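Let's start with one chain on its own, the form predicted alone, as structure tokens.
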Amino acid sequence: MSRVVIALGGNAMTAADGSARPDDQRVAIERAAEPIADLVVAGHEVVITHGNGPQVGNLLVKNELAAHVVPPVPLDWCGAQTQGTIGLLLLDALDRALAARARPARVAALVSRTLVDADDAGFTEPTKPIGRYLPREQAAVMIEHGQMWQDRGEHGWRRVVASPEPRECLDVDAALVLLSAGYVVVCSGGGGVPVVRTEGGIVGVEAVIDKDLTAALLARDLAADVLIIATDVAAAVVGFGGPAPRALAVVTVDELTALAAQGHFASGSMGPKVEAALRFARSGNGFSAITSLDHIGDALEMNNATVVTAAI
């Protein structure tokens, strides 16, 4: 039996074309639940974390449309709301998938926080674009509510926020208690609700945290044996878009670090996944794997995936 952390990418939460209507999300999550249920039935301890970009995007649109009536909901609230929504869908989907396998369902979802540094450079100069483009006059309404927006030329204005480094998953102890009681646990969705520690206690902040980097931190703190980053491709690729692309199979931390330094993995797509895989593999707990949903079972056997190990 292994303790496995599975980081579900945005493709597991939406339709193939990226649509995030309620029915799209429900169908996509039901599909994601099937291979996860197989791991549970095989006897593995499973923790699930997930992205929430499309879901937060939907909430931001609602914020914008209603800004003249009610104040916008802050990003930490958006994160908590989407953790609850996606957690509910995963609970229902896993209940059904496990029942179909004659396995009693024991699944729990945690609204969970990730600590970041209050003095992270991202808060001084936010650079992470979120949400949709708006005309100047509509962006001005949101700026009046304290948000930072930038003029992006012909596309319009777009909001920018901090994307600080995750430092601590504050609700790991609760996840460990649930795991010890035999539960499948859903936690740290969307990178976790971003919070900072102040003299008055823990408070939420306007930021987004990379969910893959939080997944690596979560897997380390849970003493997981494997971190599986599930995306829409079966492996990381060297030379992507070139004449001779090559899918990576089993690689060491040193080998993958060198390839990343050569610029093979785009910062907006595969880059954070590679960095997360490296971070967990460096922790010495176990190995990381980047693969598609259909191959998460194979990834445990170091097949049909980019597998990152401390050494071969």
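Source: prediction; values computed, not measured. Note that residue numbering follows the sequence shown and begins at 1.
Another form exists, predicted together with another copy of the chain; not displayed. Remarks below refer to it.
Contact annotation for G18: none of its heavy atoms lies within 4.5 Å of another copy of the chain in the predicted bound form.
Contact annotation for A261: none of its heavy atoms lies within 4.5 Å of another copy of the chain in the predicted bound form. The closest non-hydrogen atom of P135 lies beyond 4.5 Å of another copy of the chain in the predicted bound form. Under a 4.5 angstroms non-hydrogen atom cutoff, another copy of the chain in the predicted bound form has V69 among its neighbouring residues. The stretch in contact with another copy of the chain in the predicted bound form, judged by heavy atoms within 4.5 Å, is 197 to 205, chosen from 222 to 230, 197 to 205, 237 to 245, 149 to 157. Residue-level contacts in the predicted bound form: of A162, C169, V116, A109, one residue has a heavy atom within 4.5 Å of another copy of the chain, and it is A109. The listed set R103, R96, H145, K128 contains one residue whose heavy atoms approach another copy of the chain in the predicted bound form to within 4.5 Å, identified as R96. Looking at another copy of the chain in the predicted bound form, residues G10, F123 and F280 place no heavy atom within 4.5 Å of it.
Looking at 55 to 84, the residues that come within 4.5 Å of another copy of the chain in the predicted bound form, counting any heavy atom, are N58, L59, V61, K62, N63, L65, A66, H68, V69, V70, P71, P72, V73, P74, D76, W77, A80, Q81, Q83, G84.
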